[in-house]
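Next up: just one chain, as structure tokens, the form predicted alone.
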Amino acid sequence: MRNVPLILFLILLGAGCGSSDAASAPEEWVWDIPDTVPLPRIPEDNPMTPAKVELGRFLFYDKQLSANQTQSCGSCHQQELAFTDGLARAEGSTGELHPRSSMSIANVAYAASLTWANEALVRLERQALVPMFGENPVELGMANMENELLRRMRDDPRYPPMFADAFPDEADPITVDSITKAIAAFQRSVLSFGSKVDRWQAGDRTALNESEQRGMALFFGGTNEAGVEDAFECFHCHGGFLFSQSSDDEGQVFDQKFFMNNGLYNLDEDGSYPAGNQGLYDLTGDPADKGRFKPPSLRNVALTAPYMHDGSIQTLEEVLDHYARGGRLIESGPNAGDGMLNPNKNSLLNGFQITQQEKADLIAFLNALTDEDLLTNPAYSDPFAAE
């Protein structure tokens, strides 16, 4: 540098310093979402970065996160099934059955609350602790094995550099906290806004056929063949960009958590559901909360059967029959009762008349909510699949 003029030397020095700063700063996350969709709410203590999301993808699919190393998060949230598992009730790594079905993680960044019936669980970082360390039921089965989990991460040669890239400001980046934050970041990255319905709403008038268009009109309050406007009440619980009233985003101010009783069971005069699976009541003890569950998003609903919190309805046709009746009638057995008469049932669910054509049109519309790209997007896929 002896022959370089002083002013040029200073310019080069400044440029070098700037380059160093830029190189050390984490790369910002870029949201790939339509203009009609708001930005999700991201916790200040867990900002999104590409390195963190990629680490989270590996952890999400890594069976080392289960005690017996037989299951991962991805075992119950399979990409080809819109991140559900096709089971009526989820099954843990030891074979123990969960009382409820696996919910899709697609668009979980916008969920106002997590799981079927817990209004207090609103952060993915906290939710990740439940399958990892929970004991009732056992899912991944890592209770009291925190040190073993960290040992596995440190002994796996791929992970120390990935954790260091994802958490560059941490002296020891491999912690339970960083594991849950990385998994949460990956889950927030899994977005699904590429269905035929999305293309239609973006202005492509070739995206939906006539049956799908008729079904969409009925879903959003159109007049049915009997001349009744808003006969089916669908959008009241499954409206908005998420197709669920229980949604949250960066611009929302008020609490958007929403739970409802849809008349699935009615075991006694208090409107009880089967023991141990009574919705919010299991946490609050308030009889009015019996049977109140979160209405899931209907995006990709054609792929997420069986339906309801316990997987007790097999097909979309049966779902429409259930709502047309205004509640399910179980005539015999331990769960016998008429859900139509459940005292806690949402007041909007009064039943309706529906023709076979209207049923076919509504199901065509629901099928058009499938996002094919979600099912194959390599950014969401299992990085261990090739192994």
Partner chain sequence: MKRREIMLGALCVASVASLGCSDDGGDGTQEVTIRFAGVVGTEPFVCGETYDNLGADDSSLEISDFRFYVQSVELKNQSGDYVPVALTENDWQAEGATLIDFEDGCTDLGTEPMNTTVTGTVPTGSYEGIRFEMGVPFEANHDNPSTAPSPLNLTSMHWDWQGGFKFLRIDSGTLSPTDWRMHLGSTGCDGDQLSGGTTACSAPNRTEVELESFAPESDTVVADLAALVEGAALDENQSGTPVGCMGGPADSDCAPLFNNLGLPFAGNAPSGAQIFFSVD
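Positions refer to the first chain, counted from 1. Note that the structure is a prediction, hence the values are computed from the model and not measured.
Omitted from view is the form predicted together with the partner chain, to which the following refers.
With the partner omitted here, the stretch from 124 to 132, 298 to 306, 156 to 164, 214 to 222 that lies within 4.5 Å of the partner chain by heavy atoms in the predicted bound form is 124 to 132.
Listed residues Lys63, Arg325, Lys359, Arg41 were compared with the partner chain in the predicted bound form; Arg41 is the one with a heavy atom within 4.5 Å. Site annotation in the predicted bound form: the residue of Leu267, Met103, Met142, Val190 reaching within 4.5 Å of the partner chain with a heavy atom is Met142. The candidate spot formed by Glu96, Ala112 and Glu119 is fully in contact with the partner chain in the predicted bound form: every one of the three has a heavy atom within 4.5 Å.
Proximity of Gln201 to the partner chain in the predicted bound form: non-hydrogen atoms within 4.5 Å are absent; the residue sits far from the partner.
For Gly285, a non-hydrogen atom is located within 4.5 Å of the partner chain in the predicted bound form, even though that partner is not displayed.
Proximity of Val228 to the partner chain in the predicted bound form falls outside the 4.5 Å heavy atom cutoff. In the predicted bound form, no heavy atom of Arg152 sits within 4.5 Å of the partner chain.
Of all the residues from 74 to 92, none has a non-hydrogen atom no more than 4.5 Å from the partner chain in the predicted bound form.
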